[in-house]
Structure formats: C-alpha cells, structure tokens
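Just one chain is shown here, as structure tokens, and it is the form predicted alone.
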C-alpha cells in the first residue's frame, strides 16, 4: 500500500483529527512515510482561524507544484477548516491538488485517496453532516496524554470567528462513547486526557434543548466530567475551551471538587471592554467573566488561568484597551495567546465593521500585554521556589535531552534531572529550586 505523510496546521482539534485519520489509514493498510520527500500521499490538515494560517498552508502546498510535475503519481490532498472554507476555489489556486475534503468528511479521505490513485483528480467533498463518524476514534498507543473530541462545531457566532462556518453547528457525542474511548486509552497506558470542543461547556446543551430537557441549573459537561473521573487508570483530566456563558455553578462545583480535574484552566476572555465584547457577540460582560474566575479561585486558591485575547478589534479605543489590560492584571494569567485582530472574510466583523485600528497601534498594545504577562507570570512562578509540586512526567525536554520535563496540576512546565527507571507517565514530586516566566526547575524528591 502507498505510504502517507500528514502535516497539521492550527489547533488541538486539528491535531486530534490528524491522529484519528492516521489511525484509520493505518488500519486500512497504508504505512507512514518517514518524511514528506519519501511519501506517496501528502495530506495537509489546515486552519482558517487566522489569515496567516491560511497563507502559510497555501504557500507550502503551492511550492509542491514542481514536485507534482516531477512525480505525477504523487497524491496531494487538503482537508480541515481551510478546505471547508475555500472549497472548490482551492483547485483554482492550487490546480495540482488531487482532492479537497471538509471538516465533516475526514472518514471519506481513504476513498478520495483511492480515487486519486486511480487517476481521478479535482475531487471535492465539503458537505456538512450532523453525524459523528465512529471510525475516527483511533489513537496512538502509549501516549501520556490522549486528546478526545467530545463535540464538534460552535453555535456562538462570535463576529470575528470563522469556526461556526467551517466546523458547523454544535454536535455532542454520547457520554458512553466518550467514556469507552477514554477507557481504551487508559488500558493502553494513557494517564491524562484532554477533552476537546470548540465551545466545550456547551456540551450536550443543543441535544437537551432539542429534546425539551434543558435545565439551566444543570451542566451536561459537568456530568461528563464526573463520568470520566470514574475511568480507571486516568490520573488527570484537562479540557478546552470553556465559554463563560455556560460556566454555571454546576460546572464550577465539578471542576473544583473532582480531584482528577486539573487546576489550570484556559478560559478565553478576548476583551475587557463591555462595548467591544458586545461587538464581538461574546455574550457576557467583563464583570460576569471575573465573577466566574472568582468563583473558581475562592475554592482553588492555588489554581492557574490562561486565556485568549484580541487587541485592536475594530473601533477599540485606548479606554477599551486599558479595560482589557485591567482584566488581565486582576486575573493574573500564567499564559495567554494574544492576537492582533485580523479580518477574516466571511465573518460578521468583516462584513459590518471597518478595521479602524492602525497596525502600529495593534502592535504596541500587543507588546504591552505581553510585557505585563511576562512580568506577572515570572513573579507567580518565583513564589513556587522552595515548594513541592506533583508533576506528570512527559519525557526528555525538547531543548535539552539530558533533562526531562512534565507538567504540574496547574499546567506549569517543570524541568528536572531524571532518576534511574523513570518513565513517561510517572507522577513524581519535584522540589522547585528556580524558575523563569515560562517554567519551573527542580529536583525529584
């Protein structure tokens, strides 16, 4: 069977999609190529969240035109969010492509590959579906952390975001199927799971609404956390990304009371200005966001937070920006993805709002927030010196193979010297000796 290589752009959902597709191709007899240069099939899992992500993928695929000319039997396919967003127009931009598959068509990619190998090209499959294909639940064995998609799509329609148009409406998997998948991971040695969903705290709500069983005081996602907590062999549970509108008291109680749920939370807030939040269609105010942070921190004083922020959203004033800076300082984030606003064709913001903030102003505001973040994170990490932390070992550090790394319960990276017999997946106690703004360093107890 021909071998293949997958290159992935974008988020953890895309990472998971690539993993599940690779497992499906393996099951069908394909083999993995050692590199792009030796592959018979090149697959690109693409992102459309930012214009830069699309340009990067288009540039990479574009330079393969010569390779395709030299090797006409080479199959090149594109799937994921950019494929869904651009569809057939990708064939105009990249005529050497063999096929384009949308976000709901991953399970069709083996068939598209077979057709391309038979000489057909210009294939496009971007129809949307309400189904959640069961063939896409495969995982690499032996991973310390396993990614598990619990839902797909988003109903929020933030005005800057392309995701509802590329991933479709919210569809949640049955909790029994999720638990079964996680138990299989645990049986294979996985110690930690990362539950994935574009709007994960809305898990199960669309289905409850359709059945007439929606209870505003309940949280189907909290119920799922309780179910996953019972899976034998799983030591830690993480999830991303929650939305403040659905972080009710049932959710807060679950994340605070379940020991396996990690105490590092990624909660996007995007802006601290209520006026900008309304323009973004986020569905909450800065006060409501801070209320949910306070509710968690009141019960978990040692927890940590990370977030997503957009600077330079259309019409953002200096006052709006200072409101964002204020929220960041009040929460005290350990990490943040800070983006300069870029217009995405097809979104409401692109249609209705002029990109009024000059690029140099965006850059300056971005740098201010990064500096604030660095200063605060460094001080918070420094406070850990002399303390002990439990760390889930992930293996050799990427920067220095003689040292190993892992993460604390609060999702802080910790670097240390390995001890004899240590294995990825071990839980160890580390005495913290020194820190940077990004990492803790210490010795195994």
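Residue numbers count along the first chain shown, from 1. Because the structure is predicted, anything quoted here is derived from the model rather than measured.
The same protein also has a form predicted in complex with a small molecule, omitted here; what follows describes it.
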property	result
Contacting member of 282, 365, 105, 152, with respect to the small molecule in the predicted bound form [4.5 Å, heavy atom]	282
Contacting member of 68, 380, 30, 50, with respect to the small molecule in the predicted bound form [4.5 Å, heavy atom]	50
Contact label in the predicted bound form: residue 136 to the small molecule, heavy atom within 4.5 Å	no
Contact label in the predicted bound form: residue 308 to the small molecule, heavy atom within 4.5 Å	yes
Contact test in the predicted bound form: residue 173 vs the small molecule, heavy atoms, 4.5 Å	no
The small molecule contact in the predicted bound form: residue 125, any heavy atom under 4.5 Å	no
Candidate stretches 215-223, 94-102, 185-193, 341-349 - the one whose heavy atoms come within 4.5 Å of the small molecule in the predicted bound form	341-349
